[in-house]
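Listed next as structure tokens is one chain, alone, in the form predicted on its own.
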Amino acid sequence: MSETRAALPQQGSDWQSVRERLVALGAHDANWRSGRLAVYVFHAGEDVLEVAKQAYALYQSENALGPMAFPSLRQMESDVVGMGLSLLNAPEGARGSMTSGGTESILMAVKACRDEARSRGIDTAGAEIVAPRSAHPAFDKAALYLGLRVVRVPVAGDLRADVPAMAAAVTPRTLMLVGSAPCFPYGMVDPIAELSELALARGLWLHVDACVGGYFAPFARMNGAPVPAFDFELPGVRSISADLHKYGYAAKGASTIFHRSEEGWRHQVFEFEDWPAGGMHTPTLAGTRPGGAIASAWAVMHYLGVEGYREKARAVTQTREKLMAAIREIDGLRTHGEPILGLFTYGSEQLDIFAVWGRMARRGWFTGLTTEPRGIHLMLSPAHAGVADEYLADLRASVAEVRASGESAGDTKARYA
């Protein structure tokens, strides 16, 4: 049964009535402002949200496609990229760009890797990316678009990348290794130092997907968290993706892709000269690049500064520690692995954890799920510090209900998107 196709109204409406309809459309959306959503949105507080919103509005019409027309955006992007490179221990000569999100950042890294191989005379048709099972599907999307193939390797018992198994999967067709800091499903930081050694030994491009952790892990480390080496301090790391609209707390549509060298960065750039309107040079996949996303990231980074980000990271890690400890005390539940940042999962060997998720959803909590192992997935924000006790109380009640009823979620499937 197809949906009714909308038609453009013959007459426009006043803003107040349009606004009311917009608010009404969101009546059944997850309530992220109350801290009852633990996926998709990163709520750092109303003050940060207002900074991001106001900065976006100031530059919502400007277009970074035209840096000569809008040198403000060129400067803001340069500043944002420079701050990111500094946080991630990039050497002199490193380059980067802002993108629309982690998927575009990953696609740019894969394109740069492929094109660098082509520049050395390598036939890249069907060439391979070796990645842990936990790596983001954006690598598969990039491979699909760019004529490559992803070889996924099961993770080790600690839910991190199994480096010996990845080494065994490398063939003469392999171009890239992937590690995550952290991976999305489990919140675990892969052994990037070991992957760096493997990349150097085999002459491979190592990309670190730090879309979740790039603007979190450095500050957690400053706070004393045992964050292992994962960035450009490791000589085998060639590129890193890091999302500003996650733990950078910028408005949506803001990520960064970084390269160890200018040469690596140049392989992601698109250039075309044979056009009546003149040459076109774009550093990323997009043509039009919204100025609002760039301005929002720039503003939030200056608003929070190092100390502000450290405070947000501290709130998140303390909340994760509190939740994990309390969940382990609930009869029948267990946490998975030993995450150190803002994500974790938990499950059960006695109860159907998806049924527990359903009970929690009825109480207004919307979170993710994992399938290997089956679990409830929480991606925490600073806002969750204020609702942790309420979440735990509802979780205890939900577990008791599922235990008493023997409820099962059957063949329910987890869907991230």
Ligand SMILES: Cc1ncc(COP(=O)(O)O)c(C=O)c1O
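Keep in mind that what you see is a predicted model, and the values were worked out from it rather than measured. Numbering starts at 1 and runs along the sequence shown.
Another form exists, predicted in complex with the named molecule; not displayed. Remarks below refer to it.
The stretch in contact with the named molecule in the predicted bound form, judged by heavy atoms within 4.5 Å, is 241-249, chosen from 195-203, 309-317, 241-249, 148-156.
Using a 4.5 Å heavy atom cutoff, T103, F184 and V212 all lie near the named molecule in the predicted bound form. In the predicted bound form, none of the heavy atoms of R114 sits within 4.5 Å of a heavy atom of the named molecule. Although the partner is absent from this view, H136 contacts the named molecule in the predicted bound form, with a non-hydrogen atom inside 4.5 angstroms.
For the stretch 325-357, the set of residues having any non-hydrogen atom within 4.5 angstroms of the named molecule in the predicted bound form is empty.
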